[in-house]
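Shown below, as structure tokens, is a lone chain in the form predicted on its own; questions about how it binds or moves come after it.
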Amino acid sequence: MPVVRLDHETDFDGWRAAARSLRQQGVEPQHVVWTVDGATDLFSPAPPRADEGSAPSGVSEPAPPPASLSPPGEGGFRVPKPFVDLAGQVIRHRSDERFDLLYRLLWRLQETPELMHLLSDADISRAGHFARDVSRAVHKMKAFVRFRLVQDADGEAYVAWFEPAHRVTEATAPFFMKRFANMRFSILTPDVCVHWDLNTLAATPGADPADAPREDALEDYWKTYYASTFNPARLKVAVMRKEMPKRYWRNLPEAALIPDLIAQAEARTSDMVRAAPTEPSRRVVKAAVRNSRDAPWDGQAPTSLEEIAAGVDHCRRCDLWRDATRGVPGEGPRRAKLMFVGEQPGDREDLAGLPFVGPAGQVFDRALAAAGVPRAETWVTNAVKHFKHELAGKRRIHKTPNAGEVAACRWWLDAERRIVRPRVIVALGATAGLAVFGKPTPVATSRGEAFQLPDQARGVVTWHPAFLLRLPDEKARTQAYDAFVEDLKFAWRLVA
């Protein structure tokens, strides 16, 4: 039985070379033992290194293959690029079965070329699960690494200790190098350490927790920032603990504040509700009222997000304002690179004055987290700013805006696009597609594509989260949700 000894836990090149050789020789998956230097099976014969004999890439010499099999280096085969991309992700997972799983998939691809598209296949599903775990680990590392200031022989440097769920340190290091290009830093982990000296990104063996830096003066600033940006009205403890698992808390300065912030959230929310709303300036309101009566091509264009918010609340360009509680403007940073456009506010949004806070908003938040897209860095708005509905007893039931209402409200959407200037705009549903692209845009046939928009942004269309809630079959909901998450990932990659 051939034994493959890889150089290290993420030795993708070594795995690929060995797997190619074994596949060409016709060695079946159940006859291969995969191991890593220092972790060889006690009863496995020590295989020769690649430079000690003729065995390729650390593979011990198997029994002579049958005459009908091509020897290594002859014949050859091709695999689809999605498999190579998937393998590059899965290899970073901590599961000991990852090498066997990938070689089994490689073996089956010859007989089943369409295997990568069979999402119900057990091996494909397992590999996809591993890849998603790795992707989440990358996202968590980007979110939860905290640097501390230290002094060394060359002056100031920054050091962080992190314990990733999977072996993603080297894959994530270029992100920190680009983000902190002018800062000398080291990220220490149990697997491997990475160091940036302003010129070169280098890796060294893993470190011990005792090497982790202690508190520094910057932590008080970070705690103050975190406390000031904590929104008690949006607190969902279960979601927060899922997205910020406790395993990371001991390395997060702000974690010490979390129990008190949770305990005070209800009281702070009540205080916010009782407090009088902040009124925009008289100049802004006056301009908003004037523009709200004008046709979309006559009014003076808003020049700030404050003007848009005031204008939306006073808008009379269509009749939807008559039955709505208030206008609901967009929300997010002024220079967000990614913009999401929904259809219209729902019942919860109409009462709160905020977009995507109801049931569809909860699905949206969960999908954003799964896709690694930080909502706080995006602009979230709607094609129509007032809640269109009909009464069913005491309930207000959603009604789809018509083309005229979408066209009337496009004045405000265009103003948001002009001020925020996103790189990518995601239309959530057909109504949003009409508002963003100016023409009917079928979701099912337009997903997965990036369309060039006149303002130089790129447009993407996907399902509205509410559509996922309306699907009657759980399997269909799961498939549509997974597709929705993939669309969000696609849009986030376009941003970069």
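The first residue of the shown sequence is 1; numbering continues from there. None of the values given here were measured: they were computed from a predicted structure. So that the term is clear: the rigid core is the largest set of C-alpha atoms that superpose within 1.5 Å between two forms.
Form predicted together with a small molecule: not shown, discussed below.
- Think of it this way: in the predicted bound form, the small molecule has a heavy atom of just one of Trp379, Phe356, Trp411, Phe99 within 4.5 Å, and the residue is Phe356.
- None of 203-211, 348-356, 119-127, 99-107 except one has non-hydrogen atoms within 4.5 angstroms of the small molecule in the predicted bound form; the exception is 348-356.
- By the criterion of a heavy atom within 4.5 Å, Thr169 is excluded from the residues contacting the small molecule in the predicted bound form.
- For the chain shown alone, Glu416 is not a contact residue for the small molecule in the predicted bound form, no non-hydrogen atom being within 4.5 angstroms.
- The small molecule is not drawn, but in the predicted bound form it has no heavy atom within 4.5 Å of Ala87.
- Within this chain, Leu320 is remote from the site of the small molecule in the predicted bound form, having no heavy atom within 4.5 Å.
- Core-superposed comparison between the shown form and the other one: the CA of Arg410 stays below a 2 Å shift.
- In the core-superposed comparison between the shown form and the other one, Lys388 has its Cα shifted by at least 2 Å.
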